[in-house]
Each structure stands twice: as C-alpha cells, then as structure tokens.
Ligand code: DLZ
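Below sits a lone chain in structure tokens, taken as the form predicted alone.
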Amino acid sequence: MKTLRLILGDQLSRQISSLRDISADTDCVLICEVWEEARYVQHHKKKIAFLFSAMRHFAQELRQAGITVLYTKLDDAENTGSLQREVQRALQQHPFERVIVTMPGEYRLSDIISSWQDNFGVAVEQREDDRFLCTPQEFADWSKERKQLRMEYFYRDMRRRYNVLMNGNKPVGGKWNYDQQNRNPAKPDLTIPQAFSAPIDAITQEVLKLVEQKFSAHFGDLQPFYFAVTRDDAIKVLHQFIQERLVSFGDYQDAMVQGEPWLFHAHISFYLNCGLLLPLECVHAAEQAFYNNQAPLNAVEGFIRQILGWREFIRGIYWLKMPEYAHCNHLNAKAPLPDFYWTGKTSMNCLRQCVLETKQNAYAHHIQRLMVLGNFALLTGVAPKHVNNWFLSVYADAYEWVELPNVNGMVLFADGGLVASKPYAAGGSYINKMSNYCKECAYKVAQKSGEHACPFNYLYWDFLARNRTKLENNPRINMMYKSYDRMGEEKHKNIAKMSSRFLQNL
C-alpha cells in the first residue's frame, strides 16, 4: 500500500513509530516548513532556525538511506502555508492510499489530524510516540484512584520498570532521590567547561539567511548560532556533558551565575524534544558514568530524575488533562505580561540577566525559568495565557506538552496543586542564596521596605495576602501566613502600598 508518512518538526528520529515499517519502494516521507506552525506564537529566531536546519538535515539523512522525501521549504512558491494543506497537496499530486503520522506533541495538532480521514478520504493512522517511556494510557492507568499525582512516586515506578539505578528492588545508594544534594550555590572560583558549538554548514547557512529575512521581527538573537542540527552532533553534546559536566551537575543544578548561562547543565533538552536524542540512551549514558566512577550518585540520579521522572510525568499530565488544562487559572490571575520580558529593560538584575540570556540563547536553565522569571509572573499575578505564550515562544526546547504543565502547574500554580504541592513563590533571599545577581542590582536584597528594597521581598507577602483564601490551608505554606500575621497591621499596609505602587509602574 503506497503510504505518505508525515514527519513533524519535533519527530526527527529514524526510530519514530511512523517510519517503523517504511518501504523505500512504495512510500514517501513528507516534511514541511509552514508559516502556520512558525508563527502561531512568535517563536525565537534561533528556535526556528534550529528546527528548520534539523529538519533539512534529517531529510538529507533519509534520502541518503534511499527513502523518497517530499520536502516543502518555507519559501517554496507552492507552499500553502499550513500543515493540513500541504498534506492535502501531496495527496492530490500522488496516488497515496493512506497517511501515517506519529502522535503530535500538541493537543491542537492531534485534534486537527483526527479530522483528516474524513476530510481527505484516505485512511489516516496516528501512531503512539514510543520515543517516550510511558504512554498516555499507561499514565492514565497509573493515576487512577490516586488522591494526588506526585512525580516522586511515578519516578520510583519508572526506575523499577526500566531497572535504572536499581539494586534488586531497592535504589542504588539506599535513597530514591538526592534532590537535597542538588542545591549548592556556585563557588566563585568554579571552572565551567566551554559549551558545545556545532559547525555551520551550507544547509544551516541557508536557513539562517531565510530566518533573518522572514522572521526579523521575532524575538531573539539569531547569531551566534551553535545548535547541533544532526543526530551525530547531538550525540557529541551528550557525550561532552557526560565527560565534562555531569561530575558537577548535581552539586550546582540549581545555581545561577551572571555571565554563565550554561553552567554544568546538559543542554540536551533541545535534542530530546525534537527527536535527535532518545531518552533511554541519555539515561543509560549517565547511569554507566556512575558505574564507571565518572560521576557521583547525586549528579547521576538528579539527571536521570529529570528525564525518566519529570519529563515523562509532565507529558502524562498534559495528555491526561487536556484540553481543559490549557484554561486553568486557579488564582484568577489577570495581569498583562510586563514588556521587559521581551526587552530585558528592568532595574531588577536577576530578571534582566535571565531575559537577556533567553534572548541570546533561546535557553535558560530550570531555576532561572521557575524561580526568577516564573516566580515574578506568579507574584505579580500575570494571566496564565500570557506566561504560557511567552515560554512557548522563547525557548528552543519548548513544545506545548512540556511547556504548559510546567507553567500552569509549577510556575503559576494555576492548576490548583495538580502538579506541585505548593506555589513556588519566593522572596529575594532565595535568589540571593542561589546566585550572584543581587550584587549588581539597583535594589537591595537585604531591605524589606523602602524605595531601594528588592521588589521580590514585598511582592512575596503581597502575593500571599491577595491569595489567602485559596492558599492558607495548604500545609506546606500555612506557616508563612502565621509569620505574616505576626507582622502587624502597619507592616501589612506598607507591603500593600509598596506592591501597589510597583505594580502600577509596571
């Protein structure tokens, strides 16, 4: 049966289920660069260039393997601008009898594809994305009859299932989780390895020129461009992390250092989320490093937890709760996103550094996203739709399945505690402990009130006061309300006044 096999921009893997039984004699692969997907949010210029280049390189790899590829470039004269119309055009031009596609990473797209069989009059098969280690149905089965869905227990089950860092039925080292040993602030004399930078070939050069011409108004710096855009180079990134960074990753996983955006992180989420790397190969590479005495357990376990635990858990939440999950707003947040999220023009140095690094790299590590950029949006009551739009736009590893539960669940507590057991709200002291940002800030982190006080300090208490009816019974933060009550009425009025003035100036 002559089959059209559609590959989406985040499915760049020879192991993808839609290619599993491909026949080079009868089948064709369709890969499309389309305006609709590139512009439904204002994607970072680097993100667009990374994916377009990776898609073109993947098409080249398939052709070299003898597979026929129909490839639509963004500036092709006949490009219809949408994925659906490009599939329709291919069906009109070739005698395909069916379409096979692996399940997309976005509910929106999966819903569209579900209508194609009726619209096009050919069989359309959506296959399970078995790059992931837990199917949506398996996660739904796991979640049944559980009062709370907590990543820690899911993670333990995944460790057992895949026999990762296990000693029989018990975890290696005697503990499942070494998170308490992943929270050291960076020492001033740390030697941080140089980040990976892939060579720019003719394909990438052509894409960079295209993005500069067609997406010049989009957020972000296009140059310098350093992403791996082939599987071979993505594997080099993984190996470099294992050899040079993993040994210190655990200790400094939560640290933030001005001028050091990469630190000891793996920088592989770009490649995991688009298919150039597979999760289990990354997990096994780190596990083997532990057994080879190349890295300590707190580093290896922390890395594996992010992939085998958190990544799979977040995807499970997404498919379990969509489409309603996209509209969560438990705290009834309504404020617009401050302009400085796009410009970096703010006197708060921590925010300025994180925005500017995001602008430069289409990347920020998880604590920058959660405890600086996300924390500020939480404390100031920015509407979830605006925060989701921003996170989805600016990060090269962002797809809705991973972005939405992280923002609605972890960043904004918009789901009311489905993902996180408490809001991840914090004052300036946390940022000061985990970074050196405060040393060069216009505000004073040690000051709780007054013109020069760090805004995080009073905004934290104002957030708790504004949301008291929904949060004070949470056992993980009710002690903070007792502290707030001990402050007295005069301090309460001062907090409210300073917060109101600051928010109005935003």
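Each residue number is its position in the shown sequence, starting from 1. The shown structure was predicted, so the numbers you read here are calculated from the model rather than taken from an experiment.
Just so it is clear, the following notes concern the form predicted in complex with the ligand, a form of the same protein that is not shown.
Name the residue from 251, 357, 179, 106 that puts a heavy atom within 4.5 Å of the ligand in the model of the complex.
Going through each option in turn, the one that passes is 106.
Residue (of 59, 464, 28, 38) lying close to the ligand in the model of the complex, criterion heavy atoms within 4.5 Å:
Checked against the cut-off, the match is 38.
Does the trio 19, 86 and 98 actually contact the ligand in the model of the complex, every residue with a heavy atom within 4.5 Å?
Judged in the model of the complex, none of 19, 86 and 98 sits within 4.5 Å of the ligand.
Determine which one of 477-485, 48-56, 464-472, 61-69 lies within 4.5 Å of the ligand in the model of the complex, judging by heavy atom distances; exactly one does.
Every other range fails; the passing one is 48-56.
Interface membership of residue 342, the ligand in the model of the complex, 4.5 Å heavy atom rule
Outside the cut-off, so no.
Any chance residue 4 has a heavy atom within 4.5 Å of the ligand in the model of the complex?
Residue-level check for residue 4: no, no contact with the ligand.
Can you tell me whether residue 139 touches the ligand? I mean in the model of the complex, with a 4.5 angstroms heavy atom cut-off.
No, residue 139 sits far enough from the ligand in the model of the complex that none of its heavy atoms falls within 4.5 Å.
Interface membership of residue 399, the ligand in the model of the complex, 4.5 Å heavy atom rule
Contact check for residue 399: yes, within 4.5 Å of the ligand in the model of the complex.
What are the residues of 31-46, in order along the chain, with a heavy atom within 4.5 Å of the ligand in the model of the complex?
Those in contact are 32, 33, 34, 37, 38, 40, 43.
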